[in-house]
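Listed next as structure tokens is one chain, alone, in the form predicted on its own.
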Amino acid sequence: MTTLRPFRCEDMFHFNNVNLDPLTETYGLSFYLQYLAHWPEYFQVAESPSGIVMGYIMGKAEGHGENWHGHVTALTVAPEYRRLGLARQLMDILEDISEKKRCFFVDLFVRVSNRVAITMYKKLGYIVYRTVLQYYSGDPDEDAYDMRKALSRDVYAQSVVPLTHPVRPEDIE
């Protein structure tokens, strides 16, 4: 039985098995602590009965006016726990929190090469809103899809009308 619960500081000592995935963006400890301090409701963990961190989601609420939205900063599940529906459950939590905060939409960024994640997000109702050129640094830099899902406050789904041209990271609001 998997437990979905709020992330705790001590979880940072136990989530290396999840963060070692090459598709997972990893950050410094201060970054995780900042999210935990500012948006604790958006930082959730999936834990096995034996106390192993199976995956986590980290996000925030940001923007102004009709751009007020929930944002998925990181979502990852350890390879041995994939295909159990954990990512969907963690996304459901983040979307529910965003609904309660009266957000217009939820967005996230994903590498254009991460076909598995893109397919999963599409199954969850997300669309490719725009392409962000050279969003991920590397050799070479990689583009990202900015994917979005409208929430109930966006009655006419105006927040998910796709842009017809790519943008650069500095053009993102």
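When you see a residue number, it is the position in the sequence shown, counting from 1. Treat the numbers as computed from the prediction; the structure is a model and nothing was measured.
Keep in mind that the form predicted together with a small molecule is missing from the display, and what follows is about it.
Colleague: Please run the contact check for residue 23 against the small molecule in the predicted bound form: heavy atoms, 4.5 angstroms, yes or no?
Modeller: So residue 23 counts as contacting the small molecule.
Colleague: Does any part of residue 88 reach within 4.5 Å of the small molecule in the predicted bound form? Heavy atoms only, please.
Modeller: Yes, contact at 4.5 Å.
Colleague: Determine whether any heavy atom of residue 82 comes within 4.5 Å of a heavy atom of the small molecule in the predicted bound form, and answer yes or no.
Modeller: Looking in the predicted bound form, residue contacts with the small molecule include residue 82, since a heavy atom lies within 4.5 Å.
Colleague: With the partner left out of view, is residue 35 within 4.5 angstroms of the small molecule in the predicted bound form by any non-hydrogen atom?
Modeller: Taking the distances in the predicted bound form, the answer for residue 35 is no, it never comes within 4.5 Å of the small molecule.
Colleague: So which of 39, 68, 109, 129 gets a non-hydrogen atom within 4.5 Å of the small molecule in the predicted bound form?
Modeller: Looking at 39, 68, 109, 129 one by one, just 109 meets the 4.5 Å heavy-atom criterion.
Colleague: Exactly one residue in 134, 113, 119, 48 has a non-hydrogen atom within 4.5 Å of the small molecule in the predicted bound form; which is it?
Modeller: When the small molecule is considered in the predicted bound form, the option within 4.5 Å is 119.
Colleague: Name the stretch: of 27-35, 119-127, 40-48, 58-66, exactly one has residues whose heavy atoms fall within 4.5 Å of the small molecule in the predicted bound form.
Modeller: Contact criterion met by 119-127 only.
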